[in-house]
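Heads up, what comes next is one protein chain in two forms, each shown on its own as structure tokens, labelled structure 1 and structure 2.
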Structure 1
């Protein structure tokens, strides 16, 4: 088959597998995944708030990334199995490079945010790095045909919604700033903006992988290698070597479990974010996931009493910011891709198939949220071993963990946890029914 024929085969096969009703269903699913991602990503901060002793920010980041690593290998092994990941890898081995690259981008961005918060405070830093969604829209348009032939109403919904969310994020960040904002430092602003650019660019590998047909569960297993390697290198560099880092980790032994748990919760959110990027693209997926700020604030106010004693002005900012974020997210959710825009996505997928020689049947099936084969690989003993090993690590650190003497309002914790579990169950079940997590 010639390369052009291969490309047109992708378009024809997607058209066969993806009628208008199926497209609407996948778009709704992607939006549901974006909102669920926001809830879980926002909650990832909660366990880390239990860490009250003086631990280096690099040790906190590294410990969370280690929790992320365990989750990124055990969750895919549990849901689909490593044989499935291996089959994906054989179809598109080049994507390992992009996955590791994306992991490195994440780690550098995360480190920059530590400096940004230190220099300019959360209230300025947060909205600055949230500009990642604007960059995501740009890369989605330029590289992956997103929002092309979408019509002005879709443009208005996505771009307008993102800008409204940005305004809401600014208000929320101002209200939730618990550190006294220092004198505006040029260095901190540069750090926050650079983090936004890195995070916005990180979605290029995401979108490329999913237009090529790779499953999000496969992509994240390689993503985390870049994440751990880069974060490990940065932590070693900033703490002065392997021995000082090890000493810091040993000193923080009693709180490592809470950080690993934070990493685990973050991975659940990130997985839904990956599915959102797959089914609604990065131009819509990123802003919807950015609702995590709203959930983080909800945990902060309801559980950790962060705004206790604050003035009416602060509460006004919180209510106004939350409404703006909800309004912006709603506008984006209503601006899902039309059939004409989806045709342009298929062209981008066909280009990837042609460029890297990926089987058009595989690309087309995955784009429609289906499997290319009738009998996908099954789980093996090694998958259970990975799950058991990851669980054992969590159990060991849980046994070593100390519960900080905080009087938490457990009814509120239970309420928020129930809301998150309901989203996890609802979205996970819908994703399974519609796509089998493909």
Structure 2
């Protein structure tokens, strides 16, 4: 089949499978996934506050990555089964390399966020690294035809939202100098912004995966290989070797469960973020998931007492900056893709299909949120073994855990947790009904 014929085949099949009503439904689903991702990604950073009680940033990041590893294999095994993951891998084996690369970028960025939290606090660091939205918009336009033929109103929403986000980030950067020493404020701001750059670049593999048809649940299993390898190397290198790292982990034994749990929570949020990127693109899905800045603000101020004793001006800057960034992200996300723009998405999918020799039928079905075959995913004994092993690890570390020496208002913690669970249940059910997690 010629290049033009392959492109035409993908575009025709997607058009047949994705009528206007289906497109609207998937875009609404993507928006819902983005908001749910924000809640869970925001909560996942809460355990990193342990850096303030003397736990090494590298131990925190490594333990979180180990929790991520357990979740990235057990959750897909439970929902779809490893046979489903293997089928996806056979269709698009090239995406393993992209997933590992994305995992490496994530590990470095996550470590930088811990330094940022230590130096300028959770409520300030969050919005700064969420400038990754800006790179997501850029890469979506340059590489994947997002916002092409979108119309002036969509462009106005995206560009206007971008400017508002810049204003919010600037306001928060100024506020940071009032809650930390000048040296710590500068270092924390640089760490947060660098994390944003790395995460913004990480979204390129995301979009390649979903234009190629791979399920998010399949993609994340290979993503974690890069995370563990990179984070393990960083932890060993910066702590002085395997023995010193082991000693650090042993000293932190009582809090490792909370860090593993933070990694697990992060994976839940990341999965919803992946579905948002799939169904509304990275130029819209990433800003939506970056509403985690508001959840970070809630956790930072309501639970951890950040900004306690600060003046009204500082509160005004932090809250105002966060709201500005959230409004900007909302404006970007609500500039939904039109039929003409989605046609350009199909062209990008056709390009991926012909470049890597992927079955056009498979790509078309997955872009429409459907399966290429009617056979349901089947779980085997190995899937239940993976789930049981991951559960056992969490149970063992839970038995060793101690409540961290932080004075926490548990009623507020419970309220935030209930809100997260409500979003998880509602969005998970909607995603299953609409796509069967395709």
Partner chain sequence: MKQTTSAPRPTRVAAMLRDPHFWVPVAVLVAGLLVLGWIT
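From a predicted model like this one, the values you see are computed outputs, not experimental measurements. Under this definition, the rigid core comprises the largest set of C-alpha atoms superposing within 1.5 Å between the forms. Positions refer to the first chain, counted from 1.
- Each of the two structures shows the same chain on its own, and it is structure 2 that derives from the form predicted on its own.
- When two forms of a protein are overlaid on their rigid core, residues whose CA moves 2 Å or more are considered shifted, and residue 143 is not one of them between the two structures.
- Relative to the superposed core, residue 213 undergoes a Cα shift smaller than 2 Å between the two structures.
- For residue 385, the Cα coordinates differ by under 2 angstroms between the two structures after the core has been superposed.
- Here the two forms are laid over each other by their core, and the C-alpha of residue 314 is off by 4.1 Å between the two structures.
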